[in-house]
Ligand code: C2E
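For reference, the chain that follows is the form predicted alone, supplied as structure tokens.
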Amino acid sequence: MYCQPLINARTHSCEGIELLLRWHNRRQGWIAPDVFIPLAERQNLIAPLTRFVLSETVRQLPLLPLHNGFHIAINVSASHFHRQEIIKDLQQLWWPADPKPQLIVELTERDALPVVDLHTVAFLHKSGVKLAIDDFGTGHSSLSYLKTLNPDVLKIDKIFTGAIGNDAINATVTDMVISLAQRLNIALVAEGVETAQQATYMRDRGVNALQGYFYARPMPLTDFPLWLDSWQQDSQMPA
């Protein structure tokens, strides 16, 4: 279990984390998520992995800020929405723990999002779970998602963040996504922020939260409390 912090673009405070999985193979060393996640999808292991993330997060909740101003984002595949499986898992693993942080479910555009069970989406909204579309604009992109899924958050893919200052076309697309989300009152997270220029660009355009190596690399969840303590101390220091 790893995590990567999300930084409030305006206040510079850490407002949440995205939970990530890392796999260390005894023979091959560290296996990249780009390799093992598609493998898990082909072997129908994505839902069990999500259950592992939920159960491990509940077990390690005492390590995290225990208030609803802090959020925990987990990646969930569209297939996990079938037959309300994700709801059953939350009922069994998440809600009994009475967690204080806000839960955000991230759907990646790698999946065919139109197959998502809309009854499940409606139930999650009603239950206070927020919905994010990850990697927006890079996969099976469709503006219809914004109507049918009614997401609370759009995550701007690192491809567009990396284009700032280098690629005028992708930068224009980024500005269009930002403008659209703001018109629809959807919060924005910029992924892959690696430079001060990128952070400033996103902040000046009203992006709500920033995530990337400029702030922190993914870290074991058990290391997060120490990182957060250090971040909070540094943030309180006068400029």
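Numbers follow the displayed sequence, beginning with 1. These numbers come from a predicted model, not from an experiment.
What comes next is about the form predicted together with this ligand, which does not appear here.
Colleague: Is residue 225 close enough to touch this ligand in the predicted bound form, meaning at least one heavy atom pair within 4.5 Å?
Modeller: No, no contact at 4.5 Å.
Colleague: Would you classify residue 209 as touching this ligand in the predicted bound form, given a 4.5 Å non-hydrogen atom cut-off?
Modeller: Contact with this ligand, no.
Colleague: Applying a 4.5 Å heavy atom distance criterion, does residue 189 contact this ligand in the predicted bound form?
Modeller: Heavy-atom contact with this ligand at 4.5 Å: absent for residue 189.
Colleague: Consider residue 30 of the chain shown here, and say whether it contacts this ligand in the predicted bound form, taking contact as heavy atoms within 4.5 Å.
Modeller: Output for residue 30 is no: heavy atoms all beyond 4.5 Å of this ligand.
Colleague: Honest question, do 37, 158 and 194 all end up within 4.5 Å of this ligand in the predicted bound form by heavy atom distance?
Modeller: Verified in the predicted bound form; spot residues all in contact, yes.
Colleague: The chain here is shown without this ligand. Which stretch in 74 to 82, 164 to 172, 146 to 154, 124 to 132 comes within 4.5 angstroms of it in the predicted bound form, by heavy atom distance?
Modeller: Result for this chain: 74 to 82.
Colleague: Which residues in 21 to 58 have a heavy atom within 4.5 Å of this ligand in the predicted bound form?
Modeller: Result: 21, 22, 33, 34, 37, 46, 53.
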